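The chain below stands alone and is given as structure tokens, in the form predicted alone.
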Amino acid sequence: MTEAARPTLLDVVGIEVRYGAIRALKSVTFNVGEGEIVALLGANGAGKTTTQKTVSGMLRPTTGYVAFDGARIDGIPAHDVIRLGICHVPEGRHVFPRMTVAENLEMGAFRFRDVDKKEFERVLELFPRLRERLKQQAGTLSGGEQQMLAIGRALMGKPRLLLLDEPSMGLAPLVVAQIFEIIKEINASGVTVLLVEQNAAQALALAHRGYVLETGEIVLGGTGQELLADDRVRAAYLGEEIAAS
């Protein structure tokens, strides 16, 4: 299926978000097609996390709207957004440290009457390390293992749209490569992904499309390959010096 042929799953239209007098987002508009991986790039403070929090219902836009599968969702509580099939893995993982790995995973299925054993097994197939640590308290896991647990917990909610905020932050390069490979597998299984990531090179290599945010505004958009080839992206986010023409 070509990029243009993908039906739109998420529409973000003209949203403005304020923290008091500060305009964190300024008329941000973009879309995510069903089955896509879309990356949001930008420096710290650009508005990437604020955008995800607005999609997940943690923040309300002062203007504009968010629509999921054709219906507006910007006015509903975050727990109801989850029930629609939007699951958010925030920056910093936020696992329940005194609960076991198994208990953390089961918490991810809270919107269902019972834990789906097949989904539980699928998560453990994606993350074999978690299988070895099911009875271990989550707070004793390594950073990489906690990130795997946070993603696995979100998958237990059977998301149609998975929001990932800085999944590679603070992890060793080998673990980062594993996390990105797992994101690719998750997407191949049919889950749409909106990815916020500082590692621009790996994010764009993985993403179908991407957008660049600067001080709360989208300044650039295109396919992953187009953005990887763009001189402005290469200079600002890939650390390359571009010779003047």
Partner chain sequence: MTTLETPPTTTPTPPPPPPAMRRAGNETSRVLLKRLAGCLIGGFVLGLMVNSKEGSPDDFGFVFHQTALKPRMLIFLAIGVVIFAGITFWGYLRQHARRPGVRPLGMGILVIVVSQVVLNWYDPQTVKFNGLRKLVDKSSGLSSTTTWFFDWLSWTLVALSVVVTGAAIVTRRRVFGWVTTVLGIAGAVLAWTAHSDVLDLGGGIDHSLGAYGDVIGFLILAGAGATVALSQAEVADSRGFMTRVMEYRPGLPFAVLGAVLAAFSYARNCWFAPVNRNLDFAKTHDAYQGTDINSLASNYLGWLGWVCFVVVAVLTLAATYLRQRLLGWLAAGAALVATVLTFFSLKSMTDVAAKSVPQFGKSWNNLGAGGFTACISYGLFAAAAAYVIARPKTRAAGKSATLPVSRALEKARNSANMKALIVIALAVALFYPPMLSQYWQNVLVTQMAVYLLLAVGLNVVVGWAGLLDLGYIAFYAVGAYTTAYLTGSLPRKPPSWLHMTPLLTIPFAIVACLIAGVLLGAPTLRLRGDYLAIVTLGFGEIIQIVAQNNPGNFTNGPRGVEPPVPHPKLEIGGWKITWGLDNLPYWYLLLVMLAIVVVLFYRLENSRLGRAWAAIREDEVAAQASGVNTVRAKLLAFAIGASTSALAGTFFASQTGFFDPTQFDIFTSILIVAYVVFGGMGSLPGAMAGAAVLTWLPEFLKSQVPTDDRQMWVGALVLAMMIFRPAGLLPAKRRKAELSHLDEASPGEVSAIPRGGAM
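Positions refer to the first chain, counted from 1. Computed from a predicted model, the values in this text were never measured in an experiment.
Another form, the form predicted together with the partner chain, is not on view; read the next lines as being about it.
Although the partner is absent from the chain shown here, none of Ile186, Thr192 and Arg232 has a heavy atom within 4.5 Å of the partner chain in the model of the complex. Checked against the partner chain in the model of the complex, the candidates Leu155, Met148, Leu164, Leu161 yield a single residue with a heavy atom inside 4.5 Å, and that residue is Met148. Note on contacts: among Ile82, Met169, Ile76, Leu124, the single residue with a heavy atom within 4.5 Å of the partner chain in the model of the complex is Ile82.
Not displayed here, the partner chain is approached by Lys135 to within 4.5 Å at the level of heavy atoms in the model of the complex. Taking the partner from elsewhere, Ala43 is found to have every heavy atom lying beyond 4.5 Å of the partner chain in the model of the complex. Proximity of Glu103 to the partner chain in the model of the complex: non-hydrogen atoms within 4.5 Å are present. Contact check for Arg98: a non-hydrogen atom falls within 4.5 Å of the partner chain in the model of the complex.
In the model of the complex, the partner chain lies within 4.5 angstroms of at least one heavy atom of each of the following residues of 142-177: Ser142, Gly143, Gly144, Glu145, Met148, Arg153, Val175, in sequence order.
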